[in-house]
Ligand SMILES: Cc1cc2nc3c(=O)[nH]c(=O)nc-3n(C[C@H](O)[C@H](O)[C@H](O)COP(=O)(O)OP(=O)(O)OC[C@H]3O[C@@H](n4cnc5c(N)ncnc54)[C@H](O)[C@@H]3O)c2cc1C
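There is one chain below, alone, in structure tokens, taken in the form predicted on its own.
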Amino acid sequence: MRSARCDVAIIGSGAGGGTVAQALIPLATQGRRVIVFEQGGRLEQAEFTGIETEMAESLYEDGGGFLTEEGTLSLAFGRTFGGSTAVYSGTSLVPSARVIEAWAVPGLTHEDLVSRCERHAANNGVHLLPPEQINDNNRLFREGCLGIGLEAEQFPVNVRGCRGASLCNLGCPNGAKQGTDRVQLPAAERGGVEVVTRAEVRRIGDRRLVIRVERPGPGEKGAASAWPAGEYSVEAPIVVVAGGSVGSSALLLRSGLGSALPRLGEGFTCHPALILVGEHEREITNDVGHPKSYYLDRSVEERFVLETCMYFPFVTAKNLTGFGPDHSTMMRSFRRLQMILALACDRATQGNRISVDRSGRPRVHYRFTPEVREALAAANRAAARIFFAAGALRVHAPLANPPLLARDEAARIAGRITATAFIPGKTSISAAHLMGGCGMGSSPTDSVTDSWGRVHGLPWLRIADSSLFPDSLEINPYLTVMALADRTANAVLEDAGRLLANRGTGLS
């Protein structure tokens, strides 16, 4: 096993890790060695082909099909340079005061998070798209919402020079999306921070990491790691874990920290989602333009959010309920499909948690509560009304039996779409907003960290990602993760003098 040393190790390069890396440039310029370890590869821009099967395997954990232990929910999260910021759609929302105040984390205020969110939004070019860049799918959503008496809101997105490829979830082929792979990480590298890809951190000891660096497989996209393949023991007096809700929780659990932190892995939420479609008479532009420009927030009234979306044929096919002629009919009309993503605002629930198996691989346990089932049904009903109000001929409603509703059934939506039709394992549900597992709080009895990401009892160990959320955020989490990671980085800078005392520079 090779040995190495650094002053600060950052595990993960997504919204959390990338933000911390940029914020710690002052340490790097002082001669301190700051290293980001990313499990995934680093692709060249030309490798973003937009081919669904290629890119899913290259950019996502388990190709985007990570299953919960119950086999009833698939989870999508990035495993690449830039983490999930490389594969999300760039939607950038500020958290509500209602949610942050309900978290009741000592030392965390809504005003502070808003200030940090706004600063990072400006840094990453967040703005509203002009009308000429709104495609048919998004326009129809807005019209349909107005048709049922509701007002859709426009998503701010972090793009510069978007050319409308609509391939956000497969990595932008034009480099327009301003994720950490385009903004924070390049800035950090220019400032002296190192990034080591294909480096899986297997365990954390007392200020020491065990890391496995791997070579690219045959035909695999992405460059080789900056470090030779092999096992490493890396001394690091400050460690910032930013591997995402599942990755960070699993790393701390397999490192044996669960006995001292009884809440480790608990409080997992994910906004379980349905992909819904409505068939129109004519072709509509969905796969041209930015795919996600509008949303309808019903989190307070009915515990759901609707968002515009565009999914590719394979993902769409697996999310349409049923088999045979009805399924084929909908897929043959792919170019005429309006799409809506329906997300339930779940809550932290006992039993919904992250664990690890004997080999240390993460396992996610998730059961749908009656509240979540009702929220999904309400979302499905609202989406069906929006589709018909926008002019759809037919609507595919997975929480209806049979799942196809014709236009002349629009008045029967309430009776046709019900929570009782939701059958876990048969109704296709996915989630990409993975949250919790290392929640913030006041002590080890109720949390894993304090409001600045410091792990209780381990002053050298910090968390900086969505695992910090003590409960569901109820919106797309990207900007909130950056704001919390910014707080973690501030705490590292504040404590660095003490934690790095009597130690020379990390350069060797």
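Model, not experiment: these values are computed from the prediction. Numbering starts at 1 and follows the sequence shown.
Not on display, but discussed next: the form predicted in complex with the named molecule.
Contact with the named molecule in the predicted bound form, defined as a heavy atom within 4.5 Å, holds for exactly one of Q184, S89, N138, N380, namely S89. Taken together, the three residues S13, E38 and S84 all lie with some non-hydrogen atom within 4.5 angstroms of the named molecule in the predicted bound form. Only one of 418 to 426, 272 to 280, 242 to 250, 381 to 389 places residue heavy atoms within 4.5 angstroms of the named molecule in the predicted bound form, namely 242 to 250. Taking the partner from elsewhere, T80 is found to have a heavy atom lying within 4.5 Å of the named molecule in the predicted bound form. Contact check for E409: every heavy atom lies farther than 4.5 Å from the named molecule in the predicted bound form. Taking the partner from the other structure, the named molecule in the predicted bound form has no heavy atom within 4.5 Å of any heavy atom of V448. In the predicted bound form, the named molecule lies farther than 4.5 Å from every heavy atom of G439.
Although the named molecule is not shown here, in the predicted bound form the stretch 252 to 268 places heavy atoms of just one residue, R254, within 4.5 Å of it.
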